[in-house]
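The data below hold one chain only, encoded as structure tokens and taken in the form predicted on its own.
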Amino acid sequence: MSLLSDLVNLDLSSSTEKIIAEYIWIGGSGVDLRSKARTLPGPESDPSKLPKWNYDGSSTNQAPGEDSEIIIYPQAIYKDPFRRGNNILVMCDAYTPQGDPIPTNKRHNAAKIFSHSDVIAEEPWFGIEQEYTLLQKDVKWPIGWPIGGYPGPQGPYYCGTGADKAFGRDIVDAHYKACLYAGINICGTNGEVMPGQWEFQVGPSEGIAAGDQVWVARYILERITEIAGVVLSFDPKPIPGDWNGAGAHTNYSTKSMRSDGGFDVIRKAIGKLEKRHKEHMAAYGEGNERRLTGKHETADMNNFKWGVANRGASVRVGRETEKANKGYFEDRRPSSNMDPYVVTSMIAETTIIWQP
């Protein structure tokens, strides 16, 4: 008799050319991920050749019940690390039946910015450091923490090893490999300052691909924590008090910044970011004011400042960039629950297109 695990892992390639496509989209909160599966006649690598689909927007807080149909357009394809074989994950964005992007579809506007001729010419690269916290399922308290209590102070946990310092490494490693399998440009991972908190990095990715890859990497992580019976949190300050928050530091460069003398271009770009600081802060994630206090390796959200090798700055420039007189900078303001479509396109729009 077959075990359930045998059927879950059943290889379909020897009996049918049909594949399973898991369509993924962003729900009504702007941070929740939804998905559902459908059968396709055979392997496909071009999202434009995949059929559009629909879902009940009234069940995701994106449409009224009397007119609930939302249409999803396939935009990016990744290999499915859960079903494997030729099966795929499909990142989609959402539209009304009339073809208008719904309010939570931030990809549509981002794609417009990244298709601007000035932006295309600058070849913007992004590297996003996605922090997150793993919580115990029944009590919503970080894993490894005593229930109702606290571990020892921060210090030994950052990039730490050992059963009393690193909690959830099996989830982290499973996610790392699953992302590589899927074709996501995940470039690293590490334990963070607060115990039970981790980070993965995606990039360098160019243009709209940065947002697609971060969203699908989040989806894969959510699925893995589902299997592990652990709750995934992108709250920017999951534990009040003397504990680090969770951000999504966004590293950025353009062709001009990467070229000789690019440090001058970086300075000008940072100057533009300073002039639009309030606009960026309003778009950089919900609850970010609980994180950006000027403590715990952050700058106060009300005061923009930048510096070389300063992790208490809004924008940090690395020593190597200063030394080489070219390179990239890090926007440290985005929160862990930010929309990567919004953040990446806004940085590109402000630094390349916008004129003060």
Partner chain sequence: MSRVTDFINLSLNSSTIVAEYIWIGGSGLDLRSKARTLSTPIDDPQKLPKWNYDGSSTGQAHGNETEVILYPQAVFKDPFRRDNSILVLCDAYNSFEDPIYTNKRFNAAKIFGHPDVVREAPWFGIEQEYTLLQKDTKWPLGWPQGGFPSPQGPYYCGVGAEKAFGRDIVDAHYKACLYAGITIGGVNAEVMPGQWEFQVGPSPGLTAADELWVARYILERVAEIAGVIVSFSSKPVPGDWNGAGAHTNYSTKSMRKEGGYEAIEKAIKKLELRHKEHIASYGEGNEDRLTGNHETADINTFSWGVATRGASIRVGRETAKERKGYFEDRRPGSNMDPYVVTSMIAETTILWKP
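Residue numbers count along the first chain shown, from 1. No experiment lies behind these values; they were computed from the predicted model shown.
Here the subject shifts to the form predicted together with the partner chain, a form of this protein not shown in this document.
Mapping the unseen interface onto this chain, residue 76 falls outside it, with no heavy atom inside 4.5 Å of the partner chain in the predicted complex. Although the partner is absent here, residue 222 is a contact residue: one of its heavy atoms lies within 4.5 angstroms of the partner chain in the predicted complex. At a distance threshold of 4.5 angstroms between non-hydrogen atoms, residue 87 is in contact with the partner chain in the predicted complex.
Residue 38 belongs to the set of residues with a heavy atom inside 4.5 Å of the partner chain in the predicted complex. Contact with the partner chain in the predicted complex, defined as any heavy atom within 4.5 Å, is confined among 145-153, 183-191, 245-253, 225-233 to 225-233. Annotated contacts: 262, 273 and 341 are all free of the partner chain in the predicted complex [non-hydrogen atom within 4.5 angstroms].
Only one of 317, 313, 33, 301 lies close to the partner chain in the predicted complex, with a heavy atom inside 4.5 Å, and it is 33.
68 is the sole member of 45, 29, 325, 68 with a non-hydrogen atom within 4.5 Å of the partner chain in the predicted complex.
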